[in-house]
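Just the one chain here, laid out as structure tokens, in the form predicted on its own.
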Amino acid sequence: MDNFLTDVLKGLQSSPKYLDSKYFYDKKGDELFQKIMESEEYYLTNAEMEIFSKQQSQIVDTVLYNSDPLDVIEFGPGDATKSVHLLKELAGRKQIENYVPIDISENIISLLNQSLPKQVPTLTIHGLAGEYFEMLSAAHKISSNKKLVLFLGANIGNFKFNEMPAFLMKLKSLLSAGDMVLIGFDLKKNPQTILSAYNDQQGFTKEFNLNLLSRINKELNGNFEIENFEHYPTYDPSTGACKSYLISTKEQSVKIGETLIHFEKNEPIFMEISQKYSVKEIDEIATECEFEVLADFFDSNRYFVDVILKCND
């Protein structure tokens, strides 16, 4: 709670204002994101699901290059509907010893502990609630097996283009030679296709963004009038940056605890970035970060790619 308050006040007292997207995911935020992923416009889910449901055998062939059993660690697993295809394939070959989902939401970890044993009965689950890197360090204490880290759903796109190499280098520093990372990247494509994915007609993305203001009201004693803010997405096809904002529709002041925050009319709050990449950009950054690219797996439209990277000595 203290970190939540500190981060919210820091963001809203900055110029320009921003909120940290990791706080989207309370119980209602989790439910809304599931609805976003099921929406017609949000092509990312179906694209990556196609990869995992149709190419899981080839993916497993790639990650079992030395036939050692794996621990699979997943950052931000959601309901694991994609990764479960991989987990079943590994379990069927008796090549997975532990599955370690890591999520900031304790609700997600609780749901996985209930649902996954029904789908993969032989799976040993060690759910960890917390920050990715902190919990990755904790995951190393579970076993000394080779690790496969999953970071799916284009969550890597939550980092700005120039921040992604630092994330990969930090991740590599916490892994050992021979460990692997499987990352889902949303690829650059028709700009309208991308923009529509973040502005669905049913309004789930809008509600998802506004829910963070409701959470601030509920948990931090805020008094946001939600109807005074509008959801506004943008996409720049030259840089691949897709950004979401909340726009103040009037001049207003909002109180959070004892702190007063002033908004000008039409002032934005930066909420989230969803960075898009080309295959060439992905390869260049991976090489820069001293990963070996083992394989690329595309959906049939080539909207999306899951890339397997290996840590070398």
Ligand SMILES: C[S@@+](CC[C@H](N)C(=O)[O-])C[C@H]1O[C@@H](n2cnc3c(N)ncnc32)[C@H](O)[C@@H]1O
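One-based numbering along the sequence shown. Keep in mind that what you see is a predicted model, and the values were worked out from it rather than measured.
Although it is not shown, the form predicted together with this ligand is what the next lines describe.
- Using a 4.5 angstroms threshold between heavy atoms, residue 263 stays clear of this ligand in the predicted bound form.
- Contact between residue 33 and this ligand in the predicted bound form is found at the 4.5 Å heavy atom cutoff.
- In the predicted bound form, this ligand sits within 4.5 Å of a heavy atom belonging to residue 22.
- Interface residue remark: residue 138 is not counted as part of the site for this ligand in the predicted bound form, having no heavy atom within 4.5 Å.
- When this ligand is considered in the predicted bound form, only one residue from 97, 131, 200, 219 comes within 4.5 Å through any heavy atom, namely 131.
- Of the residues given (148, 87, 171, 108), 108 alone sits with a heavy atom within 4.5 Å of this ligand in the predicted bound form.
- Looking at 219 to 227, 191 to 199, 116 to 124, 69 to 77, the stretch with residues near this ligand in the predicted bound form, meaning non-hydrogen atoms within 4.5 angstroms, turns out to be 69 to 77.
- Residues of 93 to 121 that come within 4.5 Å of this ligand in the predicted bound form, judged by any heavy atom, are 102, 103, 104, 105, 108 in sequence order.
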